[in-house]
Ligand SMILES: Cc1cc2nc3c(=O)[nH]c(=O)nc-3n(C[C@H](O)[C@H](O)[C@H](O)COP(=O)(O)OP(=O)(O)OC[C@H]3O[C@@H](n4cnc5c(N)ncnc54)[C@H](O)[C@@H]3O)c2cc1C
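Take a look at this single chain, the form predicted on its own, given in structure tokens.
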């Protein structure tokens, strides 16, 4: 069949005027950046609970996920690295497409995610769960170039292994200096549970003369009375906590000599310096201008939607989540709210008012675990506490053991909920 000039022009014009070419797969597309506690949970629950009606893609550069939560138990010798390492393979059984690549940028205008290999993933809704980045310039004298000499171990895996190796090399009578982070910070791994596990491992190695000094920029910390009770009971003389009124500010560290200078005292030839710096939302969120002046991402507490872009949800450590801590339990809870709201928007699934929960357990010594947590909900433009609870000083050994059993069961349950 031949086509005259008028017909050809009309056909060409129609093609130019068409807004897009229909996709073979017309399902709405959700892309998730980050395969941690929040991202993996969101991917699973959107794919599983939509019954395949939503195209779900998870982008995560690592092929396995090493949990920061319970990494302190690896440090103390209660778990090995395999026990805190998880695969993404089972997510594929729920219909999640997993891409192991790095994100180069979020193109908010064109609703797509650009990858390092120059490919891209278009989205109808985007979940950003990049976790935290470290502020390497927040500790004078320290930086990324020195993170193996003075490890942070605030991103689990190689750093955690370096920290334990350095801990095992501390001699009896040696000094460990921990530089604790300012608020807000990712927790767990909690600095004070970490101190407990350090003291336990030193004690088990017969190094009871070793000393751990905590240089803390905060006036107080969560569960402080519980930890100090535990340190005095189980590790007498081994742990010294110094708040800002005592140490008068951290002045500098010298990775070459193991020196830490404060306004109160200079610690020279420290056997181990564990630097935990200030933190901020992951780079991809900052580059996409999803953060405010705090360096974290404001969200709508009713949905976990970004307060900056309604097509984007931010969950986990990168989000400003009000009274909720930056924990795996919190990220898992936020992910389920975001997943529900996205299913409601894209396929008309039923939604309910947002409710959040969190519990953080901390191991002080074998069978001596304390906890803090609560339930949360939207209030006055933020996520606010509805009900809270915390362990009490002087609890019985049986109660502390029961709380450690809870901790162990929770870890098994939540990692299955995220990755299986």
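Residue numbers count along the first chain shown, from 1. Treat the numbers as computed from the prediction; the structure is a model and nothing was measured.
Beyond what is shown, the protein has a form predicted in complex with the named molecule; the following relates to that form.
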Subject >> Listed residue that, although the named molecule is not shown, lies within 4.5 Å of it in the predicted complex (heavy atoms), from 212, 187, 273, 91 >> reply: 187
Subject >> in the predicted complex, the one of 312, 103, 195, 337 near the named molecule [non-hydrogen atom within 4.5 angstroms] >> reply: 103
**OP:** With the named molecule left out here, work out from 367-375, 383-391, 348-356, 27-35 which stretch has heavy atoms within 4.5 Å of it in the predicted complex.
**Re:** 27-35
Original post:
Are all three of 54, 95 and 342 close to the named molecule in the predicted complex, meaning a heavy atom of each within 4.5 Å?
Top reply: no
Original post:
Using heavy atoms and a 4.5 Å limit, would one call residue 71 a contact residue for the named molecule in the predicted complex?
Top reply: yes
Subject >> residue 127: touches the named molecule in the predicted complex, heavy atom cutoff 4.5 angstroms >> reply: no
**OP:** Report yes if any heavy atom of residue 227 sits within 4.5 Å of a heavy atom of the named molecule in the predicted complex; otherwise report no.
**Re:** no
Original post:
Are any of the heavy atoms in residue 78 no more than 4.5 Å from a heavy atom of the named molecule in the predicted complex?
Top reply: no
**OP:** Would you give me the residues of 35-66 that have any heavy atom within 4.5 Å of the named molecule in the predicted complex, in order from first to last?
**Re:** 35, 36, 37, 38, 39, 59, 60, 61, 65
